[in-house]
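A lone chain, given as structure tokens: the form predicted alone.
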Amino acid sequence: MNAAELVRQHLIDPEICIRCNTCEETCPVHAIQHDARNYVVRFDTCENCRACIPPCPTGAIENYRRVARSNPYAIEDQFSWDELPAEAEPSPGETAELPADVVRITEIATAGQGGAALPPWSAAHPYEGLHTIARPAIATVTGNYRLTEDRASSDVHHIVLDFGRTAFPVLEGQSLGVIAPGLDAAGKAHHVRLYSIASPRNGERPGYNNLALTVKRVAADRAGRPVHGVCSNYLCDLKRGDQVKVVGPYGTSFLMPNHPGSSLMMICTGTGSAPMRAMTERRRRRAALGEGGRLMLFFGARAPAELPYFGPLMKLPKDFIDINLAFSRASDRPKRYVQDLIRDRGEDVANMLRDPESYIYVCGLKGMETGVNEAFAAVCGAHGMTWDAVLDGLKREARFHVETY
């Protein structure tokens, strides 16, 4: 009897996947797909390039099972899973040693090629995945405030969660997952939804074991069709004293530097302002200690009434943070986007790109990435640089961080 050839099949763990879609968007060969239930990997398409590994915030994407090359787990099976199958021992007639291509994949993983993106060298050590779906932390709502004006089309809330005596250490730039109560149409528990943390590491209220989220109530999809965002509506409707199941924290690279003199360029839209608020507030509280350098913010929204934290932002001193606001649908001014402001501030932007102590953060809807990159390319071209070369250096030095959705 010929021995069956064993390979490692790339799978996604449905228990910790938060269905954020970054893996599917990142895969260069379109091997990842999803239905209303799970994200799965096509065995016959996946080239094990590991491009999908760094963007995954939970590690759900990095799972493998040993299978016979002739009999991998089918797509239909993967769509039905609530958890990954156990690792099987080799059956009689199967080769115990993995073939060369699997050894090569393992060596690539060990060598770190295609591995997770790096944080700034001076970033504090992040804790990740302390609380799971099986053992979530229970937080109590101590505040829920609408950030956008009543006349605004977007309903954005600032929600404060208190963890009591439960340890939930976070850093600026990290996220957490929320488990909405109830069951979906298939009778299954709702999937975890991920939210960036909007407060600094010592809490929304310093000295208390709490943190804040910035949540937009979802009432329509990106095409404008009416939908009901289960978790966003659940969070926006919470009252003081309500309890919430929380998992995480997540995130090991989208972190701020700690060393004195480091500068931040922050580019965001909408609720992408959450990590920028956390970083800005951290710097504000530490300013007297001389911890940080320059802060430059590019913030986009439809109109001032739609911009989260507009009032508090306007109260920050100009010598503390350089604020640039772009409004795309304001009735009293021309249409502007964050990429337009990047071009307008070209000389200052170019200086920060050249500065080895400057770190760039981009957060918001994925559609903003193209415009932001084009603006950086234009600025570089006008100042004797090429964006491709600059971007390559920024990434090597862990100075360019993107979190879009």
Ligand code: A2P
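So that there is no doubt, residue numbering starts at 1 and follows the sequence shown. Note that this is a predicted model, so its numbers are computed, not measured.
What follows is about the form predicted together with this ligand, which we do not show.
In summary, among the residues L365, A51, A377, V29, the only one with a non-hydrogen atom within 4.5 Å of this ligand in the model of the complex is L365.
Think of it this way: in the model of the complex, this ligand has a heavy atom of just one of K335, H190, K245, R286 within 4.5 Å, and the residue is K335. Contact annotation for the candidate site: Q9, R42 and R69 all lie away from this ligand in the model of the complex (no heavy atom within 4.5 Å). When contacts are judged by a 4.5 Å heavy atom cut-off, K216 counts as touching this ligand in the model of the complex. Under a 4.5 angstroms non-hydrogen atom cutoff, this ligand in the model of the complex lacks S358 among its neighbouring residues. The shortest heavy atom separation between A301 and this ligand in the model of the complex is within 4.5 Å. Shown alone here, N233 lies farther than 4.5 Å from this ligand in the model of the complex, counting heavy atoms only.
Only one of 125-133, 74-82, 301-309, 177-185 lies within 4.5 Å of this ligand in the model of the complex by heavy atoms, and it is 301-309. For the stretch 316-334, the set of residues having any non-hydrogen atom within 4.5 angstroms of this ligand in the model of the complex comprises S328, R329, in sequence order.
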